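To begin, one chain is listed below as structure tokens, in the form predicted on its own.
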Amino acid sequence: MEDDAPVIYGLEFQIHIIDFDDENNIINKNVLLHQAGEIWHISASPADRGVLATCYNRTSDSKVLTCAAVWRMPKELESGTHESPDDSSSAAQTLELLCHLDNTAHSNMACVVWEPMGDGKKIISLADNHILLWDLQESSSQAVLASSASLEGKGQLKFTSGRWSPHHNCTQVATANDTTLRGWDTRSMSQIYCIENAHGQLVRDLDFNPNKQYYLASCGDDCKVKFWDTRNVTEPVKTLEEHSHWVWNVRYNHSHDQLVLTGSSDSRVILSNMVSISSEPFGHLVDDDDISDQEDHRSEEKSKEPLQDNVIATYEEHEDSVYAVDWSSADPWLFASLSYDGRLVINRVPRALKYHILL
């Protein structure tokens, strides 16, 4: 959320590009038209800041279909150095369509997930009960279906969300359907673990710990956030019950994995410090060569006791359900939240906690 990392979020038939000037606390906005339809999911390419994917509704033969496509924003908006135009005098610009993720056989795309560490050429879409792996070719102007897998069982099984793990050479994807979490190997498109009844009600979202390769967080309509070790899925390693309504989003901080954001339709955003299950349960570790004898004595005393998990802050700036929260990719202490009424709020991790983590 600095000059080189704009925030992207969708608003019905528009996409708003938000630049946050951290030094002056100024927000600049540019609007892109999304003429294909109403946006239900949006994800940005990790390899190309100008490319994004959307899931959107369109009507065909009196039926509403959820489709997916890959787009490129105008070149002048990619740099993040533009200023917000005068809304009254400038017309909204249009996205350039790169390719459709052809879903003629699958009518409802739930979400699109990019390979986190790749070159932006691999993408997964979840459609009904199918998980589809695509290769983007010809400068992303063509999407070729590389492989796929399907949920099998009784009833109308349907994916609700998914996340691509940054670990294991990016060969694992986690998905949610109803109350179940599943892990998939993208090389064989086979299931590698299954957590049935992970939540008491619908699972809304999930996220991988960026620093601990087997740890996964999930949230759902049972108002809970759960943390899992995928090597032993009989029960969660930790459960949070701080929200009073459905939890729509859970996000690990990209750099400091003890910091976890959640957003809920109780209109609150909660920042939690899950240090006991983080990659640094005893706090920030310092090399012996970098500290004096006196500092060494203090650090030994401090290291005897693991830091305690706690809620750092509860943010109540929203007046409606919070449907999205995410961390800045440019500043690990900055995060944004978006609510049903269209309000975007940008916050910082409390300064005291920031220095406690760093020092």
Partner chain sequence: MDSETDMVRQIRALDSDMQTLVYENYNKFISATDTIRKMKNDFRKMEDEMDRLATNMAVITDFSARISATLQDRHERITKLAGVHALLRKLQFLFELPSRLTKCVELGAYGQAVRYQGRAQAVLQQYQHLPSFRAIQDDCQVITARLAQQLRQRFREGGSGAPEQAECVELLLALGEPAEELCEEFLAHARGRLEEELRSLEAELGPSPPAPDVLEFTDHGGSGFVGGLCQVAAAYQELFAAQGPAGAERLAAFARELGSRYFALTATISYILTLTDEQFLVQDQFPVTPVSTLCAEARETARRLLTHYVKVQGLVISQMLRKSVETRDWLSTLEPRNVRAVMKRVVEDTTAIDVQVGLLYEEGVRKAQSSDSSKRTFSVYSSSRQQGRYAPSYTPSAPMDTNLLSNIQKLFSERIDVFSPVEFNKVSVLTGIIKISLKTLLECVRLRTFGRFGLQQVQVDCHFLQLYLWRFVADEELVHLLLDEVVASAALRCPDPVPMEPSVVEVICERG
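A quick note: this is a predicted structure, and the numbers were derived from the prediction, not measured. Positions refer to the first chain, counted from 1.
What comes next is about the form predicted together with the partner chain, which is not displayed.
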| item | value |
| --- | --- |
| Three-residue site 43, 164 and 193 fully in contact with the partner chain in the model of the complex at 4.5 Å by heavy atom | no |
| Among 240-248, 180-188, 122-130, 109-117, the region lying within 4.5 Å of the partner chain in the model of the complex by heavy atom distance | 240-248 |
| Proximity of residue 318 to the partner chain in the model of the complex, heavy atoms at 4.5 Å | yes |
| Contact of residue 96 with the partner chain in the model of the complex (heavy atom, 4.5 Å) | no |
| 4.5 angstroms heavy atom contact with the partner chain in the model of the complex for residue 323 | yes |
| Contact flag, residue 268 vs the partner chain in the model of the complex, heavy atom cut 4.5 Å | yes |
| Contact residue in the model of the complex, chosen from 170, 277, 157, 202 - any heavy atom within 4.5 Å of the partner chain | 202 |
